[in-house]
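Here you'll find one protein chain in two forms, each presented separately as structure tokens under the names structure 1 and structure 2.
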Structure 1
Amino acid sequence: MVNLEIDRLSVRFALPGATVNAVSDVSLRIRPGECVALVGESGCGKTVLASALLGFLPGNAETRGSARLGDTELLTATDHELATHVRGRQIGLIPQSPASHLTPVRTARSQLEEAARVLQGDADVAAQRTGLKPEHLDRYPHELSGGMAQRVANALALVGEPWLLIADEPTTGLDRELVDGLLDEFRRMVDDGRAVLLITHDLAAAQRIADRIAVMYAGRIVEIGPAAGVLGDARHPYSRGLVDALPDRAFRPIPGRPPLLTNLPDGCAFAPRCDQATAICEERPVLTDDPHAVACHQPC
């Protein structure tokens, strides 16, 4: 098992007349035996970051920086290399909106069994680990409820026993009991020396199993540190706002609008929404390098 080392990764999309800065200068190391959660407002770049690591970016994307998995440079690896050595074997991906990734004309079982054959895994074990019953497996995708489709996607990602699992909103449509079961499963993988990158909007889930939490805003990591510290004692005004928006807190949205990724300010991207902004915020704050790091000129 090896580290995943993401170093100053940026992803831009070229659109007619505009460039979308979806991910900017993200550095992150994930070690075996570690679960890192990635949280942040919708559209902040979480899924694009995950897609970049697996070579799933569309043709109009341009990447910079590096992402190394052991000796493999993921950003420049060929599709063939990724398909035969990385995807499903070393890095498993649970995609967001799984129902749109399942093959409509084949039952869940045939898709899972094929993946098991290719990756030399065990379909029954994977199904059981994700809370699927044999009768669910005989259904076609359109016959699955949202929560069942999610479990099928989870089983497909686990069947190859990857050492790193990237799970993009894996609890969508699952009730509390199934969520807890899945999180326990992730925790077991981590305790077993594997690694999990959990992309989630569910801060309670992140707090329960993540060792570290990274908060992303407008494509940048603005805060990263031990799970309890980031949620319990947030240092970035944006992270504070996110925690306060929870229904068991103030249930108050962060004021203002999400940032325009086609036209980001030179300074702190959160400044237009930040009630602590002052003149120095016109300069871009850099992420500190302490264990609970923050990118803000006036952390809380």
Structure 2
Amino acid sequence: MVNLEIDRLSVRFALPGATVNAVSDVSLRIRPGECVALVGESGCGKTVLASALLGFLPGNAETRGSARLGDTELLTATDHELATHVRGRQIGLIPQSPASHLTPVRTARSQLEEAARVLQGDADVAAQRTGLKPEHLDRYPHELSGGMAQRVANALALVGEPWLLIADEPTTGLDRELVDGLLDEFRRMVDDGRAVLLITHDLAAAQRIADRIAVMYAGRIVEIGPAAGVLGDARHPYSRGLVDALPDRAFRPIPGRPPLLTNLPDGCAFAPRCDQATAICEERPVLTDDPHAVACHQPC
């Protein structure tokens, strides 16, 4: 197994009259045997980052930086290279809105068995690991509930036994028992020496299984460190706001709105929403170089 090394990865989309800076200078290392949770509000760039790693960006996307998986540079690899050597084999993906990724005219069983043949996996084992019963597999996508479609997507991502699983909001639509079972499966993968990148709004899920948590805001990672440290002693005002918004905490929403990704400020993007901002925040902060890193001029 190898590491995933992301170094100053940026993604922008060219639109008529505007440029969307979706991901900016993100650096992240994911090693076998760990779960990293990527958290942040909708639209902060989490899913775009995942799409860049697997070559799923649209034609108007421009990338900079590097994302290396062993000897493979993911950002410049051809679609054929990604399809035959990376997707499903080294990196598995559980996408958002899984029902829209299933072929509507084929049963869940036929799609899972085809993936198992291509990836040389075991369809029955993947189904069992994700709680799918035979009667579920014989249904077409339109006959599946949202939670059941999510489980089919989970099985498709796991059937090739990838060393890294990117799970994009995988608990959406699942009841608590299924959420717990899925998180337990992710944790078993990690304990067996694989890795999980968990993209989620569910901080309780992140707290339960993540070794490290990276907090993303307006396309940048603003804090990253051990899960207990980030959730228990957040250093960035935005991270502190996310934690305080939890029902078992202050249950206080973060005031204001995120900036437009077409018009990011030169300095700290969170400054307009931050009650700790001063004149120095007009300069862009950079992540500190320590195990619990923060990009903030006025850390908590």
Partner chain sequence: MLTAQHVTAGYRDPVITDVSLSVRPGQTVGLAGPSGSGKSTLARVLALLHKPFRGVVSIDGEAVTKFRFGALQRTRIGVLFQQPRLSVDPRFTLRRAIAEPLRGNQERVEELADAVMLTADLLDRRPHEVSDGQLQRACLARALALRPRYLICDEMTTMLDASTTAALVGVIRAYQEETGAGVLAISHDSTLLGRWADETVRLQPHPVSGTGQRDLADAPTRNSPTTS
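Only the largest set of C-alpha atoms that superpose within 1.5 Å between the two forms is called the rigid core. Just so it is clear, the model here is predicted, and its values are computed rather than measured. Numbering runs along the sequence of structure 1, starting at 1.
Here the chain coming from the form predicted on its own is structure 2, while structure 1 comes from the other form. Once both forms are fitted on their rigid core, the CA atom of residue 59 lies less than 2 Å apart between the two structures. Annotation for residue 250: C-alpha shift of 2 angstroms or more between the two structures, rigid core superposed.
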